[in-house]
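Quick heads-up: the structure tokens below are two forms of one chain, split into structure 1 and structure 2.
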Structure 1
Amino acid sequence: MKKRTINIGVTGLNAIDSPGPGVPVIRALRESTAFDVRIIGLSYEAMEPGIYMHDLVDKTYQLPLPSAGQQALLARLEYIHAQEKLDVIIPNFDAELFNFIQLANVLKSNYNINVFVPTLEQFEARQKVNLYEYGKKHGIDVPKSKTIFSVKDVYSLEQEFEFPYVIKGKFYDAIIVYSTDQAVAAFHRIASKWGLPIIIQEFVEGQEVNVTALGDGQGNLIGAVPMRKQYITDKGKAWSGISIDDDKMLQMAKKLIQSTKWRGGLELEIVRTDDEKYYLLEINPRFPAWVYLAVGCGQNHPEALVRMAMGETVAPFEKYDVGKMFVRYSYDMIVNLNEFEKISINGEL
């Protein structure tokens, strides 16, 4: 059967020590059995490695930073669409999702560009500042947390939290602190990077496990693969992991997607304690950077998302391979300076 050719815009092309999901999403799409894909990279900085991976990315355009707002993003996407005739866009950063969610209907009605993302209500409900109440609502254990807006609030935390506890940014970053001095330093470090508020979360000791999952927006779990981290960087990112057989994790993903009618990809970050209790630490509202492990286990989540974005009905995956590992690696690409100049000056390559 001849495969249909479609043009897909993908963000998250960074592949540093805290990698974005864009490159693994693209690798998954390149292995699609349903589509021949032309990949349009959408970058924010000229040093994102995916820009220069010409075997994966056919052409790249720079986007305005999310802080520039929806109209700046829409104007840029209008230009890109005029050149590339985009069929689907897959945004892969938390910070950009708000703008894409707000523009999803406009992109579909005016340009026939499909964006399969959570609703604004779904996106806001699982924010870190709301997660503790979110867990209570959906019957899932979440560590005690508190939102603070001033460094002065740090000094009163000893009355509510025992050391160690975790300081988190509203989008990214988490630092375990063991003293008030460390907490103050972590507050300033994260606030300077991601702004306020700051989330304080009870530290739960146990094994870090994650689930990458996909919902169809109707309450159906289309796919899910649980993973245990094998090696973790100093930023808390999984540098290797292994797919595991864990029905409790799968049931947590299924319960959340059924209850919320989640639309799109998501990642659940979980701690499993020695006495087999499961605590949900975060819900990331997009594919994780390790989503290619799901492909290696027999579930191509990015391909399924594109099919749903294009209006197709997708049957849930029924199984996945257990005991498959991913191991990240770094290598040096040799890039011509004129390519860097083109993306920096012209905003496209």
Structure 2
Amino acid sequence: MKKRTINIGVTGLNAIDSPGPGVPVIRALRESTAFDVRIIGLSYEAMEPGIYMHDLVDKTYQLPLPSAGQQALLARLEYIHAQEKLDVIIPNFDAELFNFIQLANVLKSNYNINVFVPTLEQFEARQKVNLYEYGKKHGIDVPKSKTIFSVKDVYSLEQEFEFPYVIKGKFYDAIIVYSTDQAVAAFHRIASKWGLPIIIQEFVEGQEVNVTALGDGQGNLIGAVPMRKQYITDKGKAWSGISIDDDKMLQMAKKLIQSTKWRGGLELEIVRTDDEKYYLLEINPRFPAWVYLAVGCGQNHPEALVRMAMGETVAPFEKYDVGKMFVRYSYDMIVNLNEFEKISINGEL
């Protein structure tokens, strides 16, 4: 029987050394047993490798940068939709999510484009600056943290935090500090790069483990695969990782998705201490770049997300293969200049 074809717009085609999840998501979708896909790549830069992967991406359009605002994004999507009849869009960048979340209703009602993303409340509540409160609210251990706005607050931290502790930026960066002097230096370094506020976080020693998971928006955990990084790049990204059997991590994902009614993909970054305690470090509100490992373990999360986006009810995955590894590799494609010219001049390829 011929499968139906779904037209899916996918962002995050930057399969570079610090990769976006777009290409792995597309690979997962192409392996769907439920439907065929036409993949419309949505790029921000002319050098995103996915643009030139013609066996994975059927056509690519450039999008305005997220900072251009929702009006510009909507106008561009309108144009793309007129050419491609999009059924689903899967945004994969943190920076663009705010806009897609805000536009989700308009995209559905005006164009019947389905975007399966968290609500704005879910998205905002898990921001780094709110995570400690978030954990308290949902009964999940988060390293004690405090948001500060001024370097003078660093001097009064000694009563609340023991050294070492971590100084974190609003969006990125974290420095472990062992003295007040180091803390002051770290405060200035991060504040100059990412602005205020600065987050002070208790340092929890242990092994970093991650979960990629999917929620249906009703409180059901549709799928979850825990992974331990085996080898990381100098940017801290997983170069290889292995699926592990860890019920406590699954329970944490389940609890979180149940109590927040999370809608869409997410990644939990967790520290597992020597005495088997689990602390949530971060929630990324989208699939991670290693989401294809879940497919390899028998849970095709992107496929399930598309089915839910199209309004289907999806039964939760019951199991996954433990001990499956992913090993990332890089690959030099040969690209003709005229392709670069087309995406640069016309914004399409």
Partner chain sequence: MYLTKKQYERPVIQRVNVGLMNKYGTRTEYEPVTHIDGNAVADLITAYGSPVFVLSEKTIRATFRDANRAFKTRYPKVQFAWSYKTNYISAVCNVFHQEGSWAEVVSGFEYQKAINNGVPGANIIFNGPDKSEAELIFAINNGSLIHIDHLDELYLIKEIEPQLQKRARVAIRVNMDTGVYPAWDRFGFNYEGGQAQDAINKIMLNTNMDLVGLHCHIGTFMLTPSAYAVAATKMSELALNVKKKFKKTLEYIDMGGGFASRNTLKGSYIQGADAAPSFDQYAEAISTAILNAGFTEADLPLLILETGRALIDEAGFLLGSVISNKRLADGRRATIMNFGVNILFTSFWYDHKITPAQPFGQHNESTVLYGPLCMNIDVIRENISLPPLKKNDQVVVHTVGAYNMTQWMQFIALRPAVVLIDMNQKPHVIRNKETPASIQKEEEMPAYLKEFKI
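All residue numbers here follow the sequence of structure 1, with the first residue given the number 1. By rigid core we mean the largest C-alpha set that fits within 1.5 Å across both forms. In this text, all values refer to a predicted model and were calculated from it rather than measured experimentally.
Source of structure 2: the form predicted together with the partner chain. Annotation for S109: C-alpha shift under 2 angstroms between structure 1 and structure 2, rigid core superposed. Taking the rigid core as fixed, one finds a CA shift for Q182 of 2 Å or more between structure 1 and structure 2.
Taking the rigid core as fixed, one finds a CA shift for F171 of 2 Å or more between structure 1 and structure 2. Comparison between structure 1 and structure 2 places the CA of K193 6.1 angstrom away from its other position, after core fitting. Superposing the two forms on their core, we find that the Cα atom of S145 is displaced by 2.4 Å between structure 1 and structure 2.
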